[in-house]
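Just one chain is shown here, as structure tokens, and it is the form predicted alone.
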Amino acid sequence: MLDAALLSAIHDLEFVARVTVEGALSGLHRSPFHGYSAEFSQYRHYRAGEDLKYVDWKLFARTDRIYTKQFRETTNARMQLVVDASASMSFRGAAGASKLEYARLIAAALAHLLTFQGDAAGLTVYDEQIRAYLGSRPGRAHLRAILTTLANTAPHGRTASPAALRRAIDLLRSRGILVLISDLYDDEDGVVAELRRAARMGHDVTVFHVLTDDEMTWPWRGDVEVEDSETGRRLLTSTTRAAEYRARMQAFVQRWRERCTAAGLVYVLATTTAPPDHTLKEYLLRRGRGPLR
């Protein structure tokens, strides 16, 4: 397993992506993504001069007529990675990577995986608006552009996920895989509505819910002043509220899990202390249950 904090400190994001993918694929028999292939379409009568390798000889034995198989070329799998880079993603717990650093690791690994099996990856980075957009394309040159954009992304600004998601979805020109990577501190109903819309359009939708252990457990003792990283609002609280806080966080996570499940979306809780290859493998195993819709 790979330490998230160590990986986030390595500047060579392409190397980090490669080792994360290698760790995730260890023990998996196949990739759950389906790339370029040819699907059988129909039969037609053989014409003189056509390649005999397409003749269905079993059908000839049954009918005494020569037919050839025609195939329809299928498109590459296309994945659009939508990464929340708002100020709240800057938070770093006592251990592990920051939320944005962890999101960067997951996005880079997925882009690497898609590219090296001949499929297409794209990237959308947003806060209050879309900050960077790279359409889904195959090829190593495009992968480097994605990795460079991720490496140069810093957290700032407020979150406005519904509008950014809406734009990212509208820019998808064909059915594909949509992956949202965020802490989901936003308009829940608005985000779910856009994710449901993407699913209705035929996209395969996944949500990586990135949180730190500290956010989940509230480890602090005594009086604590907390500050909203996006609005600057401050609040004084204490250990006496810790139990209530934990209960509300558990409800927050469970609510997202249930809403994604009800909408037919894949939900992955990604804590920043979890080895990234472990998180990626969990996603691949879940997604590997069925082909791209």
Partner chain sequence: MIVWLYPAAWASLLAVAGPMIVHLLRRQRAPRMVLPTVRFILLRDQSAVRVRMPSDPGLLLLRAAIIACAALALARPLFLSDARSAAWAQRTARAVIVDRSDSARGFVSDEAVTAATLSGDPVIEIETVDVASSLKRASTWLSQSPPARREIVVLSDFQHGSLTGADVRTVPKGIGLRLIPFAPGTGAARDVPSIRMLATDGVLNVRAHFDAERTVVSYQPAAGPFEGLDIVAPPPIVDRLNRVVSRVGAFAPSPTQPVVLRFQQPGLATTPSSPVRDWTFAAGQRLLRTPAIAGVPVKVAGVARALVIDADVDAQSLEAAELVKAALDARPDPEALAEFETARIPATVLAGWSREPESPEPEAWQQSDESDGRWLWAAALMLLGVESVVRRSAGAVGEREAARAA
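Numbering follows the first chain given and starts at 1. Remember, predicted model here, so these are calculated numbers, not experimental data.
Only in words, not in the display: the form predicted together with the partner chain, which the text now covers.
Of the residues 262, 236, 61, 52, just one reaches the partner chain in the model of the complex with a heavy atom at 4.5 Å or closer; this is 236. Contact annotation: residue 124 falls outside 4.5 Å of the partner chain in the model of the complex, judged by heavy atom distances. In the model of the complex, at least one heavy atom of residue 252 sits within 4.5 Å of a heavy atom of the partner chain. Interface membership of residue 104, defined by any non-hydrogen atom within 4.5 Å of the partner chain in the model of the complex, is ruled out. Of the heavy atoms in residue 188, some are within 4.5 Å of the partner chain in the model of the complex. The partner is not drawn, yet in the model of the complex one stretch among 161-169, 87-95, 106-114, 191-199 has residues with heavy atoms inside 4.5 Å of the partner chain: 87-95. Taking the partner chain as positioned in the model of the complex, the residues of 211-229 that bring a heavy atom within 4.5 Å of it are, in sequence order, 215, 218, 220, 221, 223, 224, 225, 226, 227, 228, 229.
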